[in-house]
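Okay, here we've got a single chain as C-alpha cells, the form predicted on its own, with questions on binding and movement later.
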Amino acid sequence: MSAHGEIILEAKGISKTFPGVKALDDVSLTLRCGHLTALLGENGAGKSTLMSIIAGVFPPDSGEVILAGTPGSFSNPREAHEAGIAMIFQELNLVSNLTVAENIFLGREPMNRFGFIDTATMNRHAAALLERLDLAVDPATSLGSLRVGQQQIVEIAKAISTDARVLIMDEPTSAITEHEIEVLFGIIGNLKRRGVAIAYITHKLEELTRIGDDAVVMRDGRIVGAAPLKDLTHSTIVNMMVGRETKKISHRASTAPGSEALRVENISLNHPDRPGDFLLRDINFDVRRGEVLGIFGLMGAGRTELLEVIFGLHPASATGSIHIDGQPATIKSPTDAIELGLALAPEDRKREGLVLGMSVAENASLACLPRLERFGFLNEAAERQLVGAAIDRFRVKTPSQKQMIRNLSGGNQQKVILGKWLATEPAVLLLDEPTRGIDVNAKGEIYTLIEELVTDGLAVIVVSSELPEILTLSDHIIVLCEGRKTAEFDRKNADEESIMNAALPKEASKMIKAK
C-alpha cells in the first residue's frame, strides 16, 4: 500500500455525454491514500457518472484515469477491480436469485482441488464479513428475500472483501440503520488507517465531520469547488452545490386535520418462511385528510411490509381490516388500492417504482392509462399534457419527455414516480423512504410538495429511516419494532430519544439505558 497522503488515482479531463445530456464536462479529480474525499452535489451533478467511469462501468468520451502513476482506462468493472478499484453502488449491483455469499464473491469464488466452487469456504468467509457488519443473515439465504437495507449491507460486504486500493462508496448509508452506520464508519476508519483511498458520495453532510478529509463539489457536470472539509461550512457547501441561496428546511406548519381518510385495524402479516411467526402483528392506526402520519422503525420492523399490506400486495397472508373514508374496503390487489384512492411510492424505485426500458413519459403516465385512452388507443396529446404538468411541478431535469428514465439521476427518477402517482388523484399517498438518495435541495422541494398536498386535503403516510425527516414532516408518529406498534406520538410530545427508545427491541433498550 502506498504512503498515507500520496496520490493514488487521478482522473484528468473526463467528459461524458448521454443522449441529450452532458453528464461530465472536462472533470479532473485526485484521490489520496488514507483520505476520504467527499463528492458532493445535487442529483444530476455528475457524481455517480464520474465514479462509474473510474470503476469501469462505462468509458469516458475523453480524458483518462491514472492509477498509481500508470495511465489507462478500464473497459469493464472486472478490469477496474483487478487493478484495485472497488465500488459500492447506490443502485444495488447484485443478483437477486443468488445467495448472499454468491453475491459477495461473484467472479471470485474459492475453488476446491477438483476445480469446483468451495461453497463451505465461501459461506464461512461471507459469514465473517457479515459479522463485521453486524448483519444477522445466513450467507446461504437468497438475496432476493432481503429488504433493500439488508441488500445494501451485502453490497458493502462485497466491496470490503477485496484488497482494494481505491474504494468508491455511492450513498452507502442511504438505506441502513443508525447502528449499521456506526459499524460502517468504524470500518471506514480502519480502511483509512490501512491507506485505502475512499471516494464517498453522500447527501448527508452531517456524516462528513466524522469521516471526511476533503470535499469536491460538483454542479451541472463540472467541479465548482474543492477544499479540505475543515475549511468549508455547511452553508458554503450547499451554496456551491446549488449555485444559489437555499431555504433552511424547517418543521412543516401544522394544519387542522379533516375527516378520516384511512383507518387500519388489527393488521397482521404471516411470515413467509416460518409457520406460526409473523412480520406484522395487530397494527392499528388512522390518518386524516390534511395530515402527515410518520412511521418509524429500524430495519426489520415491518414498515415497508405494512404499506405493502395496505396496498394489496399480500392478500393471501395478511389479516385485519381497512377503512377508507369511513367505509370498509376490500383490497386484494394494487389495482383495488388504486381504484379506492391509494397510491404507493415504493422504497426501491428502480426495481418496483419504474420500468427502466421506458421513457419518462411512459413511466409518468403508467398509473393512469385508462384516463388517457380514446377509442381504445392512447391519446398522445393528453399524455404529453399530463406528463408536462408533472415535469413542471416537480422540476424534473430531463431534455424531453422521450428521454429514457434510466438516464435520469436518482432524484429525478423519484420525482417522476411521485408525479406518476399524483396523476391518479389519490386520497391517501403512501411514501416509502421518499428522499432516499436525494440531495438537500431536492429534499427541500419534496418537503414543500408534501406540505402543499396536505394543505390541499391529501392524507400522507411517510416511512423514513431518518428521524429528523420524521420529526420535520409528521403531525402524528407511530413507531414499529419487530412487527408491532410500540409507541404513538403527537408532534408536540415527540423527540428523537423517545422515538428511538420505542424503536429498539426491549433487551437492546435496557442495555442502552444501563450504560
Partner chain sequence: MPPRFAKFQSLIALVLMVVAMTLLSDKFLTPDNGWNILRQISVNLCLSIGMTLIILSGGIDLSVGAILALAGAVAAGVLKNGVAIPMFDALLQFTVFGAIVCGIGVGLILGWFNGFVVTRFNIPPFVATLGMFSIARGMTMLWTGGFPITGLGAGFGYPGTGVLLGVPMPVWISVVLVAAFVIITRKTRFGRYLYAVGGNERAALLTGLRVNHIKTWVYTLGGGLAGVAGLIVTSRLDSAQPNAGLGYELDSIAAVVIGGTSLSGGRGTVLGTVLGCLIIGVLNNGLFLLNVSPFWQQIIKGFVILSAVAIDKMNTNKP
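Positions refer to the first chain, counted from 1. Note that the coordinates shown come from a computational prediction; the quantities given were computed from them, not determined experimentally.
What follows is about the form predicted together with the partner chain, which we do not show.
The stretch in contact with the partner chain in the model of the complex, judged by heavy atoms within 4.5 Å, is 347-355, chosen from 107-115, 193-201, 347-355, 133-141. Contact check for residue 303: no non-hydrogen atom falls within 4.5 Å of the partner chain in the model of the complex.
In the model of the complex, the partner chain sits beyond 4.5 Å of every heavy atom of residue 427. Contact check for residue 370: a heavy atom falls within 4.5 Å of the partner chain in the model of the complex.
Taking non-hydrogen atoms only, residue 362 approaches the partner chain to within 4.5 angstroms in the model of the complex. Note on contacts: among 285, 394, 311, 74, the single residue with a heavy atom within 4.5 Å of the partner chain in the model of the complex is 311. Note on the partner interface in the model of the complex: the residue among 341, 334, 290, 84 having a heavy atom within 4.5 angstroms of the partner chain is 334. For the marked spot (376, 404 and 420), a heavy atom within 4.5 Å of the partner chain in the model of the complex is present in each of the three residues.
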